[in-house]
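The chain below stands alone, shown as structure tokens; this is the form predicted alone.
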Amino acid sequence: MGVPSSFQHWDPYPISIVSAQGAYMTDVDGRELLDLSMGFGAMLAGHLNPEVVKETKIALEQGMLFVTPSPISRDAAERICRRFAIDQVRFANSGTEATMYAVRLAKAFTGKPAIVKIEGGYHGSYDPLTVSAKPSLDLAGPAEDPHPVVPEGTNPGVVFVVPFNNLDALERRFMSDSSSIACLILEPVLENLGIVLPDEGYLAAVRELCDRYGILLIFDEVKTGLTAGAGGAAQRIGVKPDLICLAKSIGGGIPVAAFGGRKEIMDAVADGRMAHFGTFNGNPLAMAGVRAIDRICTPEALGAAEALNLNALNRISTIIDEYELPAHTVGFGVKGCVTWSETPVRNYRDYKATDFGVAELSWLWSLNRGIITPPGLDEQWLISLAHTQKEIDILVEDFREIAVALRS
């Protein structure tokens, strides 16, 4: 397909980028593009953020890879534990690794083989977590009791699937199979279906059900993380998981991931019940990225970016009302999206009922006018620390133009 990752391909050909700075990228034709994708959150600080570059250069001058403990990895671990309010952490290299190891750790700690995940939820490429990630409704069964849909080429083991924002369905599953279920893994805010917010009180009730039935709760914060706020989505919402998975936003654009949580559970790594290896785990360049991001992503800096995002969401909502478009905006932290549905999306089945034709048109419209957003029809824009009011105005006026065109 001529791309390093399959999602990067689209017809008739993908945009090819040669450089980036701040909130903008330059393609092979010399066009400057406003980047509102920002690496799905990995570029939260902006492209080539001076502090990230400075910290990485310092690390590079001391060594690229030690494959031993190091003061810089200890420092990064302390920063992650302090920021995300966890006892212990281990580093990895991608979101897929973080979620994979968290699930394996839950199984090793509990001695139970099965997991529960949310229908439509995406957690990377580990076999069990690919089950029912955007499944065909022809195979997915009833909305209240979805069938696990297993992709070709995977060997997932026992995976149960439940709808998001549906406590009754979750408790039915726990009641019938808690003796075999090690964990429930979910994004506290679904961010591969646009943005799907949890109902008021939903996550607190999920926490209570997990406690009642002896099941570990894993929050996948690979896509939320610092884009949700200075302490992540868990702290913002006020629900503490047993384990948390992190990547993207914590590294300033350098590949890094982490999983961590309660010491009692992490002890299953220390005592060998779950082996965790990786040549590049905690490498100095990644740890430099963690250090820089921890320093610059203050509550004040993230709050300013979130205020810009709210400005965009409010103005686009006004345009939607003005032109009577069948859509609404959704935001969380520094991320936002337009969902092409008149009613809120609460789960995967609601998402499947949105207007994908207009969503694709909107994406192509922006791309052809110098604004790059994620290639899926289900992603969200991100307002980084490098964006200013100028970029917000460009985003809003671009949406106004497509609104005019749709109603002309």
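Throughout, we count residues from 1 along the sequence that is shown. Just so it is clear, the structure is predicted and the values come from calculations on it, not from any experiment.
The discussion below concerns the form predicted together with a small molecule, not included here.
Partner contact region in the model of the complex: 117-125, out of 150-158, 117-125, 197-205, 307-315, criterion any non-hydrogen atom within 4.5 Å of the small molecule. Proximity to the small molecule in the model of the complex holds for none of Thr26, His47 and Thr373, with the criterion being a heavy atom within 4.5 Å. Here is the short version: of Asn281, Thr96, Gln88, Thr110, the single residue with a heavy atom within 4.5 Å of the small molecule in the model of the complex is Thr96. With the partner omitted from this view, the residue of Ala288, Val222, Ala233, Val334 that lies near the small molecule in the model of the complex is Val222 [heavy atom within 4.5 Å].
Although the partner is absent here, Lys248 lies within 4.5 Å of the small molecule in the model of the complex, judged by heavy atoms. Interface residue remark: Thr130 is not counted as part of the site for the small molecule in the model of the complex, having no heavy atom within 4.5 Å.
Although the partner is absent here, Glu187 is a contact residue: one of its heavy atoms lies within 4.5 angstroms of the small molecule in the model of the complex.
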